[in-house]
Structure formats: C-alpha cells, structure tokens
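In structure tokens, the next block holds one chain alone, the form predicted alone.
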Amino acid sequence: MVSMAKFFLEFTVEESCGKCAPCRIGNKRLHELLGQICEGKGKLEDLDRLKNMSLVIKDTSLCGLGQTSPNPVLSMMENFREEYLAHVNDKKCPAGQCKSLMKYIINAENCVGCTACARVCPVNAITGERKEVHLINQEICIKCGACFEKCKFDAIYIS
C-alpha cells in the first residue's frame, strides 16, 4: 500500500498546474517521503510527518486536485498502518512491491546445486559449487528476479 500511495502521488505531481504551493511543493515532498519509506530509509516520525503534510495540503490547496491528492495517503495510512510500520520498523515490504526492501534467498533444503541461478545472475551475486547449496550475496544482488524465474526446484524465495 505504501508503493500504491506513492504511485497515486506520481500522477498528482505530474498533473499539478503549479499555481498553489501546497499542491506544487507539498505533493512533491509527500512523494519524496514515501520514496524514502519504500527504500527502507523511513523513520517512525516520518509517518506523523506524512499525515500532517497530507492534512495541510488537503486544507490549503486551491483546486480539487490538490484537495484530494493526499486522500490515498491518508486512507492507506489509516487502513493499512501495519504495512507502513513494517516498512519503517522492520525494513520489510509485506506486499513485496518495494524493490529496495526485497531479498532473494536460497532455501538450502530445496537447492540441488544445479547452478542455473548462478548462470543467469547478471552481477554474479550467486556463489556455490555444482551439487552444493548456493548463496546469494545481498550486497551485490540487484533484485532483478532472474534467479527466481530460472530455478526449477523452488529453492529461491523472496523475503
């Protein structure tokens, strides 16, 4: 839901006429703040900031676009607060939509060491010998999903 709110704000930021500051600047700041949360860089106080900025934008914008643009943020924060908290506190995206918070992990029980995942990895983030359990280096992984798609043994999952 966090990435969905960010998606709605992308539209608003692009479509704003720029006449009033709350819509022109406020929505950009909301979008940036949601971006930080989606990247795992959000803090608990950012959630209060999101809510306060949304209410100010809603109350002070001149047109219907600005007055309604924060509604998805406010609604999703109210109805899916646990998802926002997971992004901020646990640095995890329960919906698996925020690429920065995803991790591809190899389940040792299912990995047969076929090397298919390692061969398709564009950045060589997967190591392991043939017929041995492989490992994904999270520091190198670009989260492209090629390994996940290639594995025939369901040994790779997204966390």
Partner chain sequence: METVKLTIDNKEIEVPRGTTILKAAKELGIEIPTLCYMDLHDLNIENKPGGCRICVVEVQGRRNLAPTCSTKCEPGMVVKTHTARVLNARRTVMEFILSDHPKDCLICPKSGTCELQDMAHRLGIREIPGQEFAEMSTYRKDTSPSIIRDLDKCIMCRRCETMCNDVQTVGALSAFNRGFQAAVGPAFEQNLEYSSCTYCGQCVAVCPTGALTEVNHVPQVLKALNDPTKTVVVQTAPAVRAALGEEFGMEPGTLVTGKMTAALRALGFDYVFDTDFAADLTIMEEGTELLDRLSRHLKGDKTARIPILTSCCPGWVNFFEYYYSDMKDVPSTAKSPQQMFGAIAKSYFAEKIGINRKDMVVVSIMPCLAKKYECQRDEFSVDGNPDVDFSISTRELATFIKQANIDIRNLHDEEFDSPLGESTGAGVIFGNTGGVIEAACRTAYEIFTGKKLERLEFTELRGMEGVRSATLDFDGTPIKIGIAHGLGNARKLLDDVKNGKSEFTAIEVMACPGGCIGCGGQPLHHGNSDIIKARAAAIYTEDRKKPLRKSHENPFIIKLYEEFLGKPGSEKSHHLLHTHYFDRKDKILVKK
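In this text the structure is predicted, and so the values were computed from the model without any measurement. Numbering follows the first chain given and starts at 1.
What comes next is about the form predicted in complex with the partner chain, which is not displayed.
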**Fill in**
The listed residue (97, 127, 60, 107) that reaches within 4.5 Å of the partner chain in the predicted bound form by any heavy atom is 60
**Request:** Scan 56, 112, 116, 102 and let me know which has any heavy atom within 4.5 Å of the partner chain in the predicted bound form.
**Result:** 56
**the partner chain contact in the predicted bound form: residue 32, any heavy atom under 4.5 Å** = yes
**Prompt:** residue 143 near the partner chain in the predicted bound form, any heavy atom under 4.5 Å?
**Reply:** no
**Prompt:** Quick one: is residue 15 in contact with the partner chain in the predicted bound form, heavy atoms, 4.5 Å cut-off?
**Reply:** yes
**Message:** At 4.5 Å between heavy atoms, is residue 28 in contact with the partner chain in the predicted bound form?
**Reply:** yes
**Request:** Can you check 48-56, 116-124, 87-95, 129-137 and let me know which stretch has heavy atoms within 4.5 Å of the partner chain in the predicted bound form?
**Result:** 48-56
